[in-house]
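In the form predicted on its own, a lone chain appears below as structure tokens.
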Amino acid sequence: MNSETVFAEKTCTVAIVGGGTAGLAVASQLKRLSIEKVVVIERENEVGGVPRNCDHYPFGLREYSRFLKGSAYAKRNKKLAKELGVELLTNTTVTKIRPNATLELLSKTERILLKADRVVLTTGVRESSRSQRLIGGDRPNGVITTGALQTMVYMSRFKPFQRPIIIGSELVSFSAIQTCAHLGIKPVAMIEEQDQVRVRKLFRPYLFIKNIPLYLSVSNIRINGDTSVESIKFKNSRGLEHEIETDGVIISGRFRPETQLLLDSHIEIDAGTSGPAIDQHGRCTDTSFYATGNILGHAESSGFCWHEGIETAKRIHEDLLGKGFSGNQMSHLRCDDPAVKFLIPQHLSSPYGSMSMARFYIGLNSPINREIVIKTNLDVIWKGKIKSRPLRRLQIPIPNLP
């Protein structure tokens, strides 16, 4: 924006950037807590996030005590927010973040300068692309992400292929199997670079039930085909070349935070998560900004994001009331063990506060079976032994601090 740009100036109490599960949870809870003007900003024409394009179970058990399809779950989240008085600004893009809870917006009809008391970032994650996954070979049609598959199947009823291969074994990879089933698409295999699937154990028998072969410890993946996919070649766990005929490829998972908006902002991005760095209250380095949900650098279930959104809303409520959030001095947390990829939160601020996060979340680069130390520049915050593989985030309790 240049100096001549004319903005329509508006104000609100809390502005939430992103209308997915976490954003709607924050908004709804803030209204329950009697926060006056809560605005959700969504660039698409409808709120609801990823579940909106998931016409399968299970969603909603944690939030509504019943199993819902993703689309029904998203509609229910929207309905709740509207009934509570949340203002939903769809088809509206945040073009710039300014200090002190100020946003530049672009809607269909006008440019808006929105000044809030607090801003919450809940833009979520996106799947890594083929190039980001370093998948080689030809460039035929029929190579898509799970998100693109869901849009084609549920929104357009379009069948992009008959017998695809799924690359990845995260929860979203299993969601791709369910999405395929809606149009009679039968995956012929799932392949994974790790030596075990990345989902929790309870999902693993699903592949046996669906009769989908699983290949682990694969490497050197290459897609073959001229105008359309014909096969995938890879090295198997024994280092031998293996080829599977297929007419499509679903590249699933390996999520990355949606932080494009932050790249030219004043808010710190953590190198380990690629998401915004926060303190134990969920505040960014500009403490008028909060962040919650999958933007923090992980890809968790909608139920997890809803719960985190509720907790973040409670902290914002306390903050707006001036209860124990006056300290803006942040101490950087670190763990020098090379197996540790990231820590969430990345900072501790004083005073600690009764509404603070109860747990550290730890991501790993490699397997670990030893003691680690989490510390600030001056103090050891936590010390203990960890034994885990780098497939999911670990949770350890944050000690009670003054």
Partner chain sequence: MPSNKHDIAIVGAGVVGCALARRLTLDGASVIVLEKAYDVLDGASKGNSAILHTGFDAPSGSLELDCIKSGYNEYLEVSESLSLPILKSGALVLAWDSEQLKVLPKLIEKAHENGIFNVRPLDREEILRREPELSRELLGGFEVPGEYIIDPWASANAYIGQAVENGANLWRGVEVLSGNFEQNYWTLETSTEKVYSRYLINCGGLYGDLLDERLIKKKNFTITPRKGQFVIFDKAASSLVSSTVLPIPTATTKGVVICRTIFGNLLVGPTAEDQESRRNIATDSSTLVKLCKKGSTIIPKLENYDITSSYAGLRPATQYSDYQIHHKTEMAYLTVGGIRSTGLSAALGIANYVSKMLSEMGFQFSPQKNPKLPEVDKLSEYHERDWQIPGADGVVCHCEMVTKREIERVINGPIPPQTIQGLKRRTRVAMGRCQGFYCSAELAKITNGKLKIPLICNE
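Predicted, not measured: the structure shown is a model, and the values here were computed from it. Positions refer to the first chain, counted from 1.
Not pictured, yet referred to below: the form predicted in complex with its partner chain.
Participant: Want to guess which of 67-75, 308-316, 292-300, 152-160 is within 4.5 Å of its partner chain in the predicted complex, heavy atoms only?
Facilitator: Partner-contacting stretch among the options: 152-160.
Participant: Consider the chain as shown here, without its partner, and state which of His242, Arg111, His266, Lys115 has a heavy atom within 4.5 Å of its partner chain in the predicted complex.
Facilitator: Partner contact (heavy atom, 4.5 Å) among the options: Arg111.
Participant: Of Val229, Ile167, Cys180, Val125, which residue is found within 4.5 angstroms of its partner chain in the predicted complex when only non-hydrogen atoms are counted?
Facilitator: Only one listed residue qualifies here, and that residue is Val125.
Participant: Residue-level contact is defined here as any heavy atom of the residue lying within 4.5 Å of its partner chain in the predicted complex; does Ser237 satisfy this criterion?
Facilitator: Close contact is absent here: in the predicted complex, Ser237 is far from its partner chain, nothing within 4.5 Å, heavy atoms only.
Participant: Determine whether any heavy atom of Asp286 comes within 4.5 Å of a heavy atom of its partner chain in the predicted complex, and answer yes or no.
Facilitator: Outside the cut-off, so no.
Participant: Might Lys201 be said to contact its partner chain in the predicted complex, defining contact as any heavy atom within 4.5 Å?
Facilitator: Result no; Lys201 lies far from its partner chain in the predicted complex.
Participant: Any chance Arg139 has a heavy atom within 4.5 Å of its partner chain in the predicted complex?
Facilitator: So Arg139 counts as contacting its partner chain.
Participant: Is its partner chain in the predicted complex close enough to Glu44, Gly147 and Arg256 that every residue in that trio has a heavy atom within 4.5 angstroms of it?
Facilitator: Each of the three qualifies.
Participant: Heavy atom within 4.5 Å of its partner chain in the predicted complex: which residues of 228-254 qualify?
Facilitator: The stretch 228-254, when checked against its partner chain in the predicted complex, contributes no residue at the 4.5 Å heavy-atom cut-off.
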